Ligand SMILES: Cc1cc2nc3c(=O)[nH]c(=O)nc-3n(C[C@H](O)[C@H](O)[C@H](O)COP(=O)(O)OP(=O)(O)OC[C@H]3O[C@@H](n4cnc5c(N)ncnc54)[C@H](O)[C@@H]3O)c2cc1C
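There is one chain below, alone, in structure tokens, taken in the form predicted alone.
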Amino acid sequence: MARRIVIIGGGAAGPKTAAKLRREDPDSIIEMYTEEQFVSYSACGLPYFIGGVIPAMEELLVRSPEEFNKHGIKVFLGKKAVRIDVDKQSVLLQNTDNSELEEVFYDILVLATGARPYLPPIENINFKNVYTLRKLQDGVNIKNKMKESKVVTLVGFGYIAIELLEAFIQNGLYVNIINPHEHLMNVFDDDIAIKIQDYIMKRDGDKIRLYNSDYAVRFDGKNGNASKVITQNGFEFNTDFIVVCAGVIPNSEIAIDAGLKSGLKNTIWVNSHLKTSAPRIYAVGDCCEKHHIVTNRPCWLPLGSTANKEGRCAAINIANDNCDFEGVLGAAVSRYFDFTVAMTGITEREAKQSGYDVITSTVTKEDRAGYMPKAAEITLKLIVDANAREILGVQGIGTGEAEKRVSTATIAIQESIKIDEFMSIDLPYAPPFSTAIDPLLNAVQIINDKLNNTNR
């Protein structure tokens, strides 16, 4: 008899699991349930839909329910999972339209429940014009509100916020930013974050009011809409709407309530095969714990690229049980107009907290031969373990091609390539693409010189 494989969640990891599993196992019954009215879409593209780079929301839809059905994958929209019974091997689902309950049974269960925006303890945060950005409808709501507004407030500032800032500035809005850290983009080391903030403020400082080291404590307004923001440091200012970008939290409650082992930050614990502590249950994507390749410790880095890779690996394991998901480095990239921000591995701050003997180098150079028309400046920072002589992390920013240097470094970190070995890597060179000695190699050479200097 064919196995019944039930997948809960239709964002990134769930659909990837379903699609790969169908290729690996053509005979199983595959069912995917999501509480949303859409399935298999790119949430990462939402800021660019809001900004107008992507003209239609439909372009973010990767695959429709009808396309899944053609391949024998049944998709059920508007079905929220409310309880798992591990002993009965069943999931209780609630119809989001009429609240009717339905119990479905599984042979294999895959939890791809994702994460949801974190809402800080701000008074009146539930006003109608206070938004978060996670789902397609969120993007539609923010875009519609943006078109009738002049001033927006961003609460928090990470990857989503920097992309939203671009969208809002691009559409002529004035932007207030309330940021709890000393500099914008605190995910980077301070010396790099300062450069990111300086670029943003130099380019658009006349349209941005920045409140660093501060918190929103109350929203005031009338008729259910916020019109004023009050901060912890005593600032008050008007706004037409607010977007909270304060991070996300895993949707893990249904698993933990069922007795599954929890991981770091209330995630769902999984092993390298994406199996949970309960038999016949897997977890993939933003809801589950990760393993950090550099620190060799549990972590939680909710990224779309990771969700897709985990979905693929889980599908292979459900079919054949021969895929090890080694872990993550947290490689990430974003932009502010023509300014790239990218990183991989751990920061200098994290490395010191983890007890490494840290040595760093920072290089600012043009990304290709200076006489080429498109030559532009980039800054690269390398964080290295002085004892093992291995790269722990790299941060790259600038108007040039910083991200491809970070991508190269990602491979070096994952393969534990030592600085001495990296020195001899034969990176390609031509004037339109690089300098004769690539900026990344230049940063490595500086590290090598420091390591070989006993007086460092």
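Model, not experiment: these values are computed from the prediction. Numbering starts at 1 and follows the sequence shown.
Not on display, but discussed next: the form predicted in complex with the ligand.
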Segment assignment from 160-168, 222-230, 371-379, 100-108: heavy atom within 4.5 Å of the ligand in the predicted complex: 160-168
Contact assignment for the ligand in the predicted complex, among 354, 124, 305, 212, heavy atom within 4.5 Å: 305
Contact residue in the predicted complex, chosen from 251, 197, 361, 239 - any heavy atom within 4.5 Å of the ligand: 251
Contact of residue 427 with the ligand in the predicted complex (heavy atom, 4.5 Å): no
Contact of residue 398 with the ligand in the predicted complex (heavy atom, 4.5 Å): no
Residue contact check: residue 311 to the ligand in the predicted complex, 4.5 Å heavy atom: no
Residue 44 within 4.5 Å of the ligand in the predicted complex, heavy atoms: yes
Residues from 10-32 in contact with the ligand (non-hydrogen atom within 4.5 Å) in the predicted complex: 10, 11, 12, 13, 14
